[in-house]
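Before any questions on binding or motion, here is one chain by itself as structure tokens, the form predicted alone.
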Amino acid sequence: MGDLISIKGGRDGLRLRLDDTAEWAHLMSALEQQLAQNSGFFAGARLILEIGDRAINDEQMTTLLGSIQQHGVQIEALGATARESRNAARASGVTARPLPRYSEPAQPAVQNEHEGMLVSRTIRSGQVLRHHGHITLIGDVNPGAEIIAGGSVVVWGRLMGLVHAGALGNPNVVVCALELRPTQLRICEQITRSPDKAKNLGPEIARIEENQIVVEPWEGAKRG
């Protein structure tokens, strides 16, 4: 069912794109499965929803928004070519915008994980940095901040908040930081925490080996 749902990033944030040709019940089932299986990635996310040429009425829009919102996801805007769909969105209090007709079918979310995001700033307490692919951060992740990535996470600085790599189900990713002291470190479904009195051992890399997270020196990485 994953081929009916696509997650992509853009200048305006994350976009959740739904196949506009599939049978409605089948599409809703695929959406529910995608959101449930990847709850660690989607929870708290704000997304732009794209439905292409599909025309949906007020009742279907209510069902769609309800299914998404029950997983803690907020829809910032709806993109659709059909006027009926845009009217239904506005009636539900959602900003609507026209879209050009799709030139290619939606692709599975996991096929886009190689797309990377480069950010140069400090992620402060209460802030969340979320991307469907890899994240490279030049800066620190303060306690109370979160980084959630579908791919790997590389922090050229201190990582002291929560980090979740492989949040779309990929266990073959890594978390690297010059100072790796997260309040919680999660890779795919595996979770660990830093010791209460963790010492700075220099740059480190975390990955999954034999169904558990292991941390070792990050060779070749150093400050300065």
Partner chain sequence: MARIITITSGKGGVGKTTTTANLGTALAMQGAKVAVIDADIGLRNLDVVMGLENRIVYDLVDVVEGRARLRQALIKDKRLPELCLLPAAQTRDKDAVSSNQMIDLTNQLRSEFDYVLIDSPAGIEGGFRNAIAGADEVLIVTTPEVSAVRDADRIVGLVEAAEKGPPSLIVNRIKPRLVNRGEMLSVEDVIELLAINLVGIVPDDESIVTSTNRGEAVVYDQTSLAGKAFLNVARRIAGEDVPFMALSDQQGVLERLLGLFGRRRA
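This one's a predicted model, so the numbers in the text were calculated from it and none came from an experiment. Residue numbers count along the first chain shown, from 1.
A second form of this protein, the form predicted together with the partner chain, is not displayed here; the remarks below concern that form.
Could you work out which of 136, 81, 92, 142 is the residue within 4.5 angstroms of the partner chain in the predicted bound form, going by heavy atoms? Looking at the other structure, the residue within range turns out to be 142.
Name the stretch, out of 153-161, 35-43, 55-63, 168-176, where some heavy atom lies within 4.5 Å of the partner chain in the predicted bound form. This holds for exactly one stretch, 153-161.
Going by a heavy atom distance of 4.5 Å, is residue 126 a contact of the partner chain in the predicted bound form? Flag for residue 126 set to yes.
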